[in-house]
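Listed next as structure tokens is one chain, alone, in the form predicted alone.
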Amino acid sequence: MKRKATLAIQDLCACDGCEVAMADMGHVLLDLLDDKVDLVYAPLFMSARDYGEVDILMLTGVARTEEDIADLRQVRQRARYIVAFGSCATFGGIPGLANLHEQATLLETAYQNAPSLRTGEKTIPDELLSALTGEILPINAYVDVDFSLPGCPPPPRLLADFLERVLKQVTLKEK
């Protein structure tokens, strides 16, 4: 009997819409999990803290901080195949609009000028905030990507077809 592929879903700076699209697959996702895939990491769906080596890693979002870039490089070492999942991961998506502004302006808007802030809370954190990247780029600017699925988010039916095709393409190492 052929073993199931191991799958991890890891998000970077994103809205989690891609993960919601995956949940919207409904019984199709459950069938995949029952027959072909062991989901070993997906913070939106389970409380797993970490994962080891996986066959397929689906990455959502963008690398917004230097810490995100370091994480990307680390997880690339643990995944046989990486999927850039969603328009943010494949193209930079909505977060890429930050490229139109200077970093100082972005930080001032978020931490000093946001209408939701109370007086006295208007300080830009310097020690708690990881350094922002110079610009937002697709994840393939930092690591090799094997498959890409754009969409904001990809429609559940397209996602299901994509996963089925990817699972036919991947070769599993016997453990």
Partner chain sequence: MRTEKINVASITRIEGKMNVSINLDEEGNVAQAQAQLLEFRGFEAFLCGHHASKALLITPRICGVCPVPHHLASVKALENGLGLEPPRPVAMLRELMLACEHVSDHLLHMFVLAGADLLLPDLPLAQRGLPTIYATYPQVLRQVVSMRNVTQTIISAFGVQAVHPNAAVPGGLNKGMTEAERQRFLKGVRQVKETLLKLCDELWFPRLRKAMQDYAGLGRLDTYFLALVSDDRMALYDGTVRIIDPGGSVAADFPAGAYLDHIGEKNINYSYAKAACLPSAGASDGMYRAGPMARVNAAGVAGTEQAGRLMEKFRSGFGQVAQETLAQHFARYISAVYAIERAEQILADPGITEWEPAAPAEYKAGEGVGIVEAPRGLLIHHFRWDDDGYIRAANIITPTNANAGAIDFSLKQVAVRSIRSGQVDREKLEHEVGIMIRAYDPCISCATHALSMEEDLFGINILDADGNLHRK
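As the structure is a computational prediction, the values presented were derived from the model and not from experiment. Positions refer to the first chain, counted from 1.
Below, we turn to the form predicted in complex with the partner chain, even though it does not appear here.
Interface residue among L149, V143, L132, L137, judged by heavy atoms within 4.5 Å of the partner chain in the model of the complex: L132. Contact check for A23: a non-hydrogen atom falls within 4.5 Å of the partner chain in the model of the complex. In the model of the complex, at least one heavy atom of P115 sits within 4.5 Å of the partner chain. The partner chain in the model of the complex comes within 4.5 Å of a heavy atom belonging to P125. In the model of the complex, the partner chain lies farther than 4.5 Å from every heavy atom of A70. Residues from 138 to 162 that approach the partner chain in the model of the complex with a non-hydrogen atom closer than or equal to 4.5 Å are C152, P153, P155, in the order they occur in the chain.
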